[in-house]
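The chain that follows stands alone, in the form predicted on its own, written as structure tokens.
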């Protein structure tokens, strides 16, 4: 009985009120006809669309051609045919607690542990609390390690980038409450299945997940004690944008719609609607009347938000900022928004519009890497398919550069533009991280996988006294900072 109940919970968490559509159920994508398959352009596309070029990925794009490679990235295999990682990386993931135990079971156990130390005698409380925090820390590190291993080794690089993008868009802070135990499931069941799917399904899955319910306080939102935190961020950061045309009365109405959605970690209920906590009055959201019907109000509200023209523009602009330019061309954003609306928020269709645009081709090589792109591109270049010896130094390096995984304290997610990451202090830190990588590689890193290198960098590299010094100079070069 308990096993069946847990399975039902997991299916509910993953699918929420509506089952996510599989890629096969969506409209097929027209093939991308790429006008130029020169090696330099293939490499530039690879460095933008993936977490960084290496010999294996460059061989793939050279074999398929840019258009077919992009086609494959937009619709990666799913289910049993999904590509697995190299054996050692896959084995490391399979051995993790987050891979072996249901999240409902993990959460219930931790909640019982938390209550136990709260009620423990003073002499025992410190040790009990420490054990609880160690459990959370271990689960958080597993989530971080899994993300890094997939980003480094998965052949479905666009899927990995978009999973990170949406985790950043629907950001949660892992150090609030028990979120370190929940963030792995949030990524795996709420975000990843629709990273290239439909925005509406993604929106619904994040709205109901316990990580979001806790992080933006909707778990405490109830009739008579309204909490507007999630309602405000749902419109400002997740859908319409700050200038999307909503008012304070819309925030209040949405907060009332969201009442009653909470969780019971100790009982293993990770997402539940409590009718007694819901405001059953009628609401007016963005000019539309939503009758007080209970749980169904949430889907009605999310439908309105997901299909609003402001959402199409806001999401399209953010995607273009991530994959094209810090100030993306307005004409491109408008074409992407049109595709967003016409396809009912099919993310792959929107990205296809981006990839076939002349603006995308013109932008290649011109985006400054944020810390994660910098660290992962260096490691992909150096490791290729060789196993990562230890993920902890990478986790630490990202924290030193100011972009620790799942740890943006504010709900806006990490910034995506050059001005936020190109400070002298940031570059000095990157130099030290490059040193740590460069001196562990016994041979010279191939310069031809970095993309075009200017004369000044070539002259500097020519003075390198050892392969390790060459590697340091290459990973610290202005060209390697770009994607």
Partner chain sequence: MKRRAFILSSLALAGSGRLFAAPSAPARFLLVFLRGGYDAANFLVPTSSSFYYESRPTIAVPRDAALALDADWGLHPALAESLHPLYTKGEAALVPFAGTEDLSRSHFETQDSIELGQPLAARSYASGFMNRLVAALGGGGAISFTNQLPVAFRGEAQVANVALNTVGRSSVDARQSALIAEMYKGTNLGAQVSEGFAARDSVMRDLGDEMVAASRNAVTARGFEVQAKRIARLMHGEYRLGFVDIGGWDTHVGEGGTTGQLATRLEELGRGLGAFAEAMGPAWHETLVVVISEFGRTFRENGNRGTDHGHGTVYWVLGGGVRGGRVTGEQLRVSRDTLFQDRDYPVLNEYRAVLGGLFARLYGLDAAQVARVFPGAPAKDLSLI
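Positions refer to the first chain, counted from 1. This one's a predicted model, so the numbers in the text were calculated from it and none came from an experiment.
Heads up, the form predicted together with the partner chain isn't pictured, but that's what we're talking about next.
The candidate stretches are 265-273, 247-255, 70-78, 157-165, and the one lying within 4.5 Å of the partner chain in the predicted bound form by heavy atoms is 247-255. Shown alone here, residue 432 lies within 4.5 Å of the partner chain in the predicted bound form, counting heavy atoms only.
Of the heavy atoms in residue 54, none are within 4.5 Å of the partner chain in the predicted bound form. Within this chain, residue 185 is remote from the site of the partner chain in the predicted bound form, having no heavy atom within 4.5 Å.
For the chain shown alone, residue 225 is a contact residue for the partner chain in the predicted bound form, at least one non-hydrogen atom being within 4.5 angstroms. Contact with the partner chain in the predicted bound form holds for all three of 408, 418 and 463, each having a heavy atom within 4.5 Å. A heavy atom within 4.5 Å of the partner chain in the predicted bound form is found for exactly one of 28, 31, 424, 39: 424. Of the candidates 351, 143, 237, 151, 237 is the one whose heavy atoms come within 4.5 Å of the partner chain in the predicted bound form; the others do not.
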